[in-house]
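Presented below, as structure tokens, is a lone chain in the form predicted on its own.
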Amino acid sequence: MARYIAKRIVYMIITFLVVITFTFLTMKLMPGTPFKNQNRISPEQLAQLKHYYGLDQPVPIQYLHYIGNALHGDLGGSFQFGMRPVTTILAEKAPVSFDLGFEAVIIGAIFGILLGVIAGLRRGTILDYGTMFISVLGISIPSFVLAVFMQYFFGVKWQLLPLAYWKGPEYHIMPVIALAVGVVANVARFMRTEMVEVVNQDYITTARAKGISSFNVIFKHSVRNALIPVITILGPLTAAIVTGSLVIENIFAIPGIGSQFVDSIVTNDYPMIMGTTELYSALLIIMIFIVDILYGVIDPRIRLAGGE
């Protein structure tokens, strides 16, 4: 297992360095500059600004400086916030986005797995059709449409929940549900498909013939094997939910990192764009790493095949 983990850590580091390099070069190809009202300042002033921010140096030198600073935890200063450290801004904004995203994923995964198991075991019944209806509905309706719908009914019309902000547990309910519905739909669909396939396998029939209790057959054999494809989608899905909650954050006025990222693109704030992109990339890489480890835990044959 140690060798299996070590190999994937090496892959993570290489992948992250490639992401940093690609992001840096992409920033250099972006049109425009981070300086507002460029036409109103003299060429001498523009040259001084570029020198101050290190933008007058050759691209390879800028890249080496950026990599060196990044290895020490310095992602530079934000142009739009008076060179305030990007790491400080991310440290303030990211926990809110992560909190929202992970709550949605955890709740969505739990309900999605339960619905998928029930639908798989009751194939062809009203429970199965009901689960598939929920899945199709959850995938078809965008999260922001559901968010506005809930705001109107639960916030405005019935006044059961607060309309916006991120202050206490009651403020989490609507935005988390808006994001979690899509997770429930995807997980339930995959789980149902795998359960239908797994329960018809010969080893399940053999286990039942040996007199093993239905509980053990379902949870120790059927569900465990059906979880592998579900785990496959949960890793990228978690990163997508956490990083893709921009619209939900704006609808509910949640002070997360999403709106900050959009503002940095509009103003060509290179350090902020790169820092946010690298944070999101690191999250996705870590989630894929966790998925790989869970593969090895659930099915030891996978880590053996991976070279352990």
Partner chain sequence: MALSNNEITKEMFEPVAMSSSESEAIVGKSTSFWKDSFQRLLRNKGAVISAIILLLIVLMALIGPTMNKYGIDDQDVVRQNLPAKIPGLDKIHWLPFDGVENNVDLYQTQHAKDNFWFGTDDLGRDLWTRTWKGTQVSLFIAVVAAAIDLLIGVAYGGISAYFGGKVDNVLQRIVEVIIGIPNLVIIILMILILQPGLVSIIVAMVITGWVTMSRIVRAQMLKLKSEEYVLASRTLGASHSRIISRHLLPNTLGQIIINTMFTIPSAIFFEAFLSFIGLGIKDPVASLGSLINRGYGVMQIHPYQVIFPGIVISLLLICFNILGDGLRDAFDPKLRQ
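Keep in mind it's a predicted model, so treat the numbers as computed, not measured. Positions refer to the first chain, counted from 1.
Beyond the structure shown, there is the form predicted in complex with the partner chain, which is absent from this document and is the topic of what follows.
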Quiz item: Can L71 be called a contact residue for the partner chain in the model of the complex at 4.5 Å between heavy atoms?
Solution: no
Self-check item: Contact test in the model of the complex: I251 vs the partner chain, heavy atoms, 4.5 Å
Solution: yes
Exercise. Could you confirm whether L284 comes within 4.5 Å of the partner chain in the model of the complex, counting heavy atoms only?
Key: yes
Quiz item: Going by a heavy atom distance of 4.5 Å, is E170 a contact of the partner chain in the model of the complex?
Solution: no
Exercise. Taking 4.5 Å between heavy atoms as the contact cutoff, choose which of L127, L114, I139, I106 touches the partner chain in the model of the complex.
Key: I139
Quiz prompt | the partner chain in the model of the complex - contacting residues of 173-210, heavy atom within 4.5 Å | solution = R189, R192, T193, V196, E197
Quiz item: Where do R224 and I9 end up in the model of the complex, Cα atoms closer or farther than shown, with a change of 3 Å or more?
Solution: farther
Self-check item: Direction of C-alpha distance change in the model of the complex, L163 to D263 (at least 3 Å)
Solution: closer
